[in-house]
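To begin, one chain is listed below as structure tokens, in the form predicted alone.
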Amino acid sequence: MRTAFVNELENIMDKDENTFLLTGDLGFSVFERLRERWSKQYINMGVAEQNMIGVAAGMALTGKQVFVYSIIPFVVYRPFEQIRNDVCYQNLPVRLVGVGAGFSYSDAGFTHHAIEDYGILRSFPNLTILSPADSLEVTAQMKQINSLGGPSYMRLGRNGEPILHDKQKFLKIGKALELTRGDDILFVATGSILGKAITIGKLLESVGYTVTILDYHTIKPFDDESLLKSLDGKRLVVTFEEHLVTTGLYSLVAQTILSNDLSIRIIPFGIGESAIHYSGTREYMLTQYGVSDQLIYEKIKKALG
């Protein structure tokens, strides 16, 4: 995902000298080519993330298109107040890009686990929140991002995530993407964990169930229309996210269902509120929260009786 972001940003910069990248002392082995070729449009702000957001807001006020890149804890958690007051309140075209979604930096411990980010940012006005599942979705969203007008946040994995689409499908920011269509179960997924939804959907189909999979590459605005349309006749809804379920995709799905006076069972797979005080591989961390292929498959089959 990270490489796809950099490649598309270079394409944007090549066509528009009004586009700038600010980074907080990161990007080594990532931005060398960009820094050399577009040096006047690249600013390393150092370890001063709150100031970085303030500078980005100031540049946007002068008509610049500004991308701000860092690891998620340093582009979301640390400058929380500046994002709220300087960027979102004033509806400025600042593009926040956070790398390391979920447990992408699992071995770095709790400080680098990005499991609350879009739940926090959902409450901010004017902000579009993007959660692509693979590099093809990153490229498609980057081609549309400057047309948004206001601020945005793009949540990236680390790098090397598998391609989940066989080709670059038409993707529109704010509109969920239907990957499969079935009659029994609805899967709703966001981010690279979409891969688990696809895998488990195939397992269920092999034993006679049919599954609709919705890919929510955009968290905000939330496409409730596609969700409600896909609920028709389903026995079960399952949500997949590498984020706290209490403030994430599951809560959006549940809110939509309840506010429309519908009754259907929902099973969330994501991160619980309790903090695990150890680290390991991404798959190991997900398994500790019950988000492994086998555990998910068994729980769904049990729910289906």
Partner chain sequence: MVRLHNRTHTSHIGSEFSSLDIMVELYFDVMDITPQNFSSLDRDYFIISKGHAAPALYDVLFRRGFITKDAFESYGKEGSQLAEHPKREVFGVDTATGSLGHGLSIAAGMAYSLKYSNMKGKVYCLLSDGECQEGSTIEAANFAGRMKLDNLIAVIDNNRLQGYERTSNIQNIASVKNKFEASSWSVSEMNGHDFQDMRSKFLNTPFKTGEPSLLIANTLKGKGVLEMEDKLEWHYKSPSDVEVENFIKQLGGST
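A quick note: this is a predicted structure, and the numbers were derived from the prediction, not measured. Positions refer to the first chain, counted from 1.
This next part talks about the form predicted in complex with the partner chain, which is not shown.
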query: Contact label in the predicted bound form: residue 256 to the partner chain, heavy atom within 4.5 Å; finding: no
query: Contact of residue 90 with the partner chain in the predicted bound form (heavy atom, 4.5 Å); finding: yes
query: Contact label in the predicted bound form: residue 251 to the partner chain, heavy atom within 4.5 Å; finding: no
query: 4.5 angstroms heavy atom contact with the partner chain in the predicted bound form for residue 43; finding: yes
query: One residue of 199, 85, 123, 180 in contact with the partner chain, assessed in the predicted bound form (non-hydrogen atom, 4.5 angstroms); finding: 85
query: Proximity to the partner chain in the predicted bound form, single hit among 236, 55, 34, 244 (heavy atom within 4.5 Å); finding: 55
query: Non-hydrogen atom within 4.5 Å of the partner chain in the predicted bound form for each of 17, 51 and 59; finding: yes
query: Option from 34-42, 276-284, 236-244, 262-270 whose residues, in the predicted bound form, bring a heavy atom within 4.5 Å of the partner chain; finding: 34-42
